[in-house]
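The data below hold one chain only, encoded as structure tokens and taken in the form predicted alone.
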Amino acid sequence: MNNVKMYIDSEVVSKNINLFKLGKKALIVTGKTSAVKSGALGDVTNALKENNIEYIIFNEIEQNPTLKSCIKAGNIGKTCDFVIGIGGGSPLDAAKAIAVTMANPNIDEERFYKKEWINEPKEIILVGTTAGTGSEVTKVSVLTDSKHKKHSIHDERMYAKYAFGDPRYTMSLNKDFTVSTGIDAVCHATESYFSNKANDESRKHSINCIKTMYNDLLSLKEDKELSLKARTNLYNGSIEGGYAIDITGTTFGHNVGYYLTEEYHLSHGMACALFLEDVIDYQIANNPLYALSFFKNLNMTIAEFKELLGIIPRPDIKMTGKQIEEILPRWENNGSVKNTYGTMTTGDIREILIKNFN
């Protein structure tokens, strides 16, 4: 059950200093620069100082966090009482995994992925600085293993106790990053709607996400600065998308996107977004009445929704027929493929990959 206490406000950290009293020492988990540029790191360290809480900063989280880094951070932070993740999806996802490795400092990769966690994860606070993943409110951590393959780990023990979002933190993001994270949220919402696990609550969050973000995302076709109001819309929408996938998980678009990230080093958001049209087209072709309900609830035409695709740059990726056949087995009996509304098969994925990259 999702019990994350989510706070979204201007100066949200300074207004909630007392909520940071989760122990005597904290491990702060960030990437190299975003936490500093956004101002979030300064706000968090000030909150900890006000509460006389010691802290260690671990700022080595990659764009696609590795379990190796999470284990390293867990060993560094094993004397800490709780973990604070600051950043976009990568540091937030990593913070959840690090909460596990802090409590289980000798854990190896096999036992981590099998969830053989002897001790309960440390408590987690998450501070979001991008409008995309919705990781603030999910029990999901996406990590890369020692073989450079991405995995989604789902476990209710990885929910944050508190999550904070201040749309001002997103003002430092450039256009490309804003597009990548924003379209990732739309992918979350769309895939969630077309999940076999979708219900009335998840569909409500999906529709709210897209409606809230649509106009401001579309405006990114033009090179102009987004206002704080627009940034607030994008952030609020991304959290709606997070609530949606926390209920349903994602579908084939995300999992096939992982391959593009692994092999072609595309950002997570862009890799998933390349299949957004395919997510829609598959449903229109195979489940037209259900697809119609999506557009009806959005109060949009198919063409209007697909206008969002215009903000996505298309990378020059080519795959041979042989390459496609060699990678198809990774999606046999894959949970995300099975989660796609309807009865998707690897044959469908073959057609999608050929259409896009062959």
Ligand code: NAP
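Bear in mind the structure is a predicted one, so any value in this text is a computation, not a measurement. Residue numbers here begin at 1 and follow the sequence given.
Just so you know, the form predicted in complex with the named molecule exists too; it's not on screen, but the next bit is about it.
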Picking from 230, 279, 142, 220, the single residue whose non-hydrogen atoms come within 4.5 angstroms of the named molecule in the predicted bound form is 142
Single option in 213, 124, 102, 245 placed near the named molecule in the predicted bound form, where near means a heavy atom within 4.5 Å = 245
Each of 283, 301 and 340 near the named molecule in the predicted bound form, meaning some heavy atom within 4.5 Å?
-> no
Which of these stretches, 115-123, 194-202, 73-81, 90-98, has heavy atoms within 4.5 Å of the named molecule in the predicted bound form?
-> 90-98
Even though the named molecule is not shown here, does residue 287 get within 4.5 Å of it in the predicted bound form, heavy atoms only?
-> no
So in the predicted bound form, does any heavy atom of residue 259 sit within 4.5 Å of the named molecule?
-> no
Might residue 333 be said to contact the named molecule in the predicted bound form, defining contact as any heavy atom within 4.5 Å?
-> no
Can any non-hydrogen atom of residue 64 be found within 4.5 angstroms of the named molecule in the predicted bound form?
-> yes
Taking the named molecule in the predicted bound form, which residues along 13-32 bring a heavy atom to within 4.5 Å of it?
-> 31, 32
